[in-house]
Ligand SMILES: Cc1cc2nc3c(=O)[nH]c(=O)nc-3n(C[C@H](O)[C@H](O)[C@H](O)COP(=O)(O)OP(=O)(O)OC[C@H]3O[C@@H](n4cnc5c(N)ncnc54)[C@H](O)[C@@H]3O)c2cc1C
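One chain follows as structure tokens, the form predicted on its own.
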């Protein structure tokens, strides 16, 4: 690849793979940087090649097995035609350059064009006891099942809200794990009100209804419109306490040794932020997103976004958005679009994405987290685990008039300054600040990203900028 045209894709999930496929079909050889050991992203995550266990795609992915197989086989066929770099973390981005880490070595990767397909992570809102061993996000619970062949516990409670709650419960029970309860903080009435928008994708809507019905017929307790009181335990999880959200409802206790908790998904936008992209507040996703046009172009020339990293829309939309971003990149390079089977045109892709967007509005309406949940957090509850900042410390800072904007609160309390760089605690800090000040989420500001976006060694070995030109098989020599 010439220095004048060095194209990099970050992420090898549905968006990244389809972007790569489109570019390769047009005669372009991209570099694909993948944090995982094998392509597929989170939803189609593959077990390790030498994991010591075998599970069929039907077992791993259920209804989506054929889609997973199609994506996996597509990427496998592409490998001779691109530069695939697994186990590589993109931890910083600036004009024309990515900083990555592979096998303890820092690799600087220059680019002329960049497609960021960074995906999403769990939206974390704390409850008392959430720092105990045995508490996981739903995403982590999926990783344990798909990549490690195990469950997070023997008696598992899954709690929070979002469609992932029911999908993970279904996957766990199908795998033979004991899920004693699913506790959804969203009311059923909220989900019923969203049905007209959810019906825009009837097959997807039907799958969600099937998961709920299947879980009930297999003895899994499902409760909606609940308040999570706290997780109890000493050296690990022993029980979860909850109550119905009605006034004066009694607290109930469910014995368990593991809890999976999440309140939906939020986009991973740190690389786009570090690259200088403009952001806007998105009411549907309830967070700040990079500005993109319908083709995925950002405000930074030569930088494109696709998939859940540009706004939560699901795997099908991610595949379409990955293709669309690649087509936009080809347009900007003056290269003709590839034609043939499996290569939809730009207009049809955009029509499909608009239809999915209506469905996603329904999902966010059905599973919206409570806007007033922070009032239930006791002062001594940890909000930022990395820096050990509790809710009381943040409240005192806010009530003393010292902070009414998120980055000011960060500077005064160190919330979001630790290893996770706000990826885990940022949502909670914004929620608490908005509730304490009576402002909307967009009014309290956007937590600015800082490198590294994920933890890296303090002194990684430095490697020259031209590492991108070294053949993959020779890089560790």
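Numbering follows the first chain given and starts at 1. Note that this is a predicted model, so its numbers are computed, not measured.
The protein also exists as the form predicted together with this ligand; that form is not presented, and the subsequent description refers to it.
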| query | finding |
| --- | --- |
| Contact check for 124, 162 and 229 against this ligand in the predicted complex, heavy atom at 4.5 Å | no |
| Residue stretch of 408 to 416, 33 to 41, 46 to 54, 437 to 445 approaching this ligand in the predicted complex, non-hydrogen atom distance within 4.5 Å | 33 to 41 |
| Contact residue in the predicted complex, chosen from 93, 318, 114, 326 - any heavy atom within 4.5 Å of this ligand | 318 |
| Contact assignment for this ligand in the predicted complex, among 89, 201, 239, 295, heavy atom within 4.5 Å | 89 |
| This ligand contact in the predicted complex: residue 289, any heavy atom under 4.5 Å | no |
| Residue 118: touches this ligand in the predicted complex, heavy atom cutoff 4.5 angstroms | yes |
| Touches this ligand in the predicted complex: residue 146 (any heavy atom, 4.5 Å) | yes |
| Partner contact for residue 260 in the predicted complex: this ligand, 4.5 angstroms, heavy atom | no |
| Residues from 6 to 20 in contact with this ligand (non-hydrogen atom within 4.5 Å) in the predicted complex | 10, 11, 12, 13, 14, 15, 16 |
